[in-house]
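Just one chain is shown here, as structure tokens, and it is the form predicted alone.
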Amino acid sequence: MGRVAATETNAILMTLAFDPTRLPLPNGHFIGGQYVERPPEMLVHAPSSGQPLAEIPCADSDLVDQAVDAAKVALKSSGWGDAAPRDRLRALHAWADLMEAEAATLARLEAVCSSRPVADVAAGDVGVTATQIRFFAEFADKECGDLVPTSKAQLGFIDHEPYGVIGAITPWNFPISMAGWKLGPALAAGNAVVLKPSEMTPYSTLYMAELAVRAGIPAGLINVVLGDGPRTGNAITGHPGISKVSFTGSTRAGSAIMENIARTGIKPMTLELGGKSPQLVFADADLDLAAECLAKGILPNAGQFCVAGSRMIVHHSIAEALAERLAQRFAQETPAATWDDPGGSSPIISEAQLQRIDGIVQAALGQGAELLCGGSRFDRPGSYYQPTLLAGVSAENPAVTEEIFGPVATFQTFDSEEEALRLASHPTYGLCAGIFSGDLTRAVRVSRALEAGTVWVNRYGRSQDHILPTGGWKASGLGKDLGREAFLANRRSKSVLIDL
């Protein structure tokens, strides 16, 4: 199936609004290319309304065994890992094409239970994920081993092989995108995958797996098991038949995964974890650009993304003008259900998470923070929180130290570059950072001094240059997603030395 033409895409995007009570939902786990039903155990809610949608099962260790066995059988019967690399490439391209053709369905299945507006998923997430899958597919027949220098009487080379079965766990904030991060490089590298999506947002990932089989990827190479972290997640990360683990989520959950792997057996892992990222604005910055980027660094998805630029650190000479612009921009946000088109400000994923956000905001105010705007939930059904800007915060204030994962930012000022770097340094996190300055020399100097895995200059957020890896320092993670590094992380090297 070819890619969707522009006119077809426009027609799809014009008809995205839907009734959440009438949307057909996938039912059960997806193992070996088919749905496996089990008794339901967990409720899935719609954060836009607070109402329950459906119940899903929770995979125990026996069902994870079944998924791992299906992955091993599929690898052996299909020869996926040993196949001609271009065969894998073609299958992955066909899957990406089919995802784009099914953008409306994928978007609705994600929007119904997540914080993602349906139009944003259809116009953004699906296409970006399809592009990422094609990006990783191209590594299949281009990334190779090395012939190394040895004596003339010997032949030495470094070979690369797939691990076999990869265990993947993805978060609720960008279900399609995060599944693409895990599945794309793993499959391109010749592996099979057992993936657990968040129990709060399972449906779009299930449909992605179904589309993969329809596109010609052998059944059983992608297995999706539903469940929670303590039961299903632990069964995946500790399974002896899973050779590598890839996880995106909170630092707390990442620590638990490391502990479980250490307890049950040694295996490599990629962990993309939490962040508390600073955005530094110097006096010579373009104020319009900085204001736009600072807002875009915290407002989309109601601030529920790991790279959120939640700590704004601004030179005192422009602080008042910039704070005023940001407060005005924050106040313009209006909430809307994720199934409405056009949409609006996203809901918080759950009522429990909203209460946590508000608890941190109130604690921050109690410790002397100044409220510039927001500070409470929106007065409407569903879990919506007002975009909030807090000034006058110390380094010890909980709004500065805690990853809030909501539309809440702090606003601090500095006089010197040294003070800006001191404020930017965080004792726990080192995921991303932003710099706004008209002085390229300063931008390079500061970027080198920042403790972060990614630094953006005069912008904030990833581009679609998927060659750039992403991953954090400190407790923000281990290893990299995206880029060549992500493909290589799904293959293991073998050194071979032959006496001739």
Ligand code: NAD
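Keep in mind it's a predicted model, so treat the numbers as computed, not measured. Numbers for residues come from their place in the sequence shown, where the first is 1.
The same protein also exists as the form predicted together with the ligand; that form is not shown, yet it is the one meant from here on.
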The ligand in the predicted complex has a heavy atom of only one listed residue within 4.5 Å, and of Gly374, Gly430, Pro162, Pro197 that residue is Pro197
In the predicted complex, which of the listed residues (Gly297, Gly249, Gly190, Gly343) lies with a heavy atom within 4.5 Å of the ligand?
Gly249
Within 4.5 Å, heavy atoms only, one stretch in 403 to 411, 382 to 390, 317 to 325, 83 to 91 touches the ligand in the predicted complex. Which?
403 to 411
Tell me, yes or no, whether Gly180 is in contact with the ligand in the predicted complex, where a contact means a heavy atom of each within 4.5 Å.
no
Contact test in the predicted complex: Asp228 vs the ligand, heavy atoms, 4.5 Å
yes
Test of understanding: in the predicted complex, would Gly233 fall inside 4.5 Å of the ligand by heavy atoms?
yes
Even though the ligand is not shown here, does Cys306 get within 4.5 Å of it in the predicted complex, heavy atoms only?
yes
Taking heavy atoms and a 4.5 Å limit, what residues of 151 to 188 are near the ligand in the predicted complex?
Ile169, Thr170, Pro171, Trp172, Asn173, Met178, Trp181
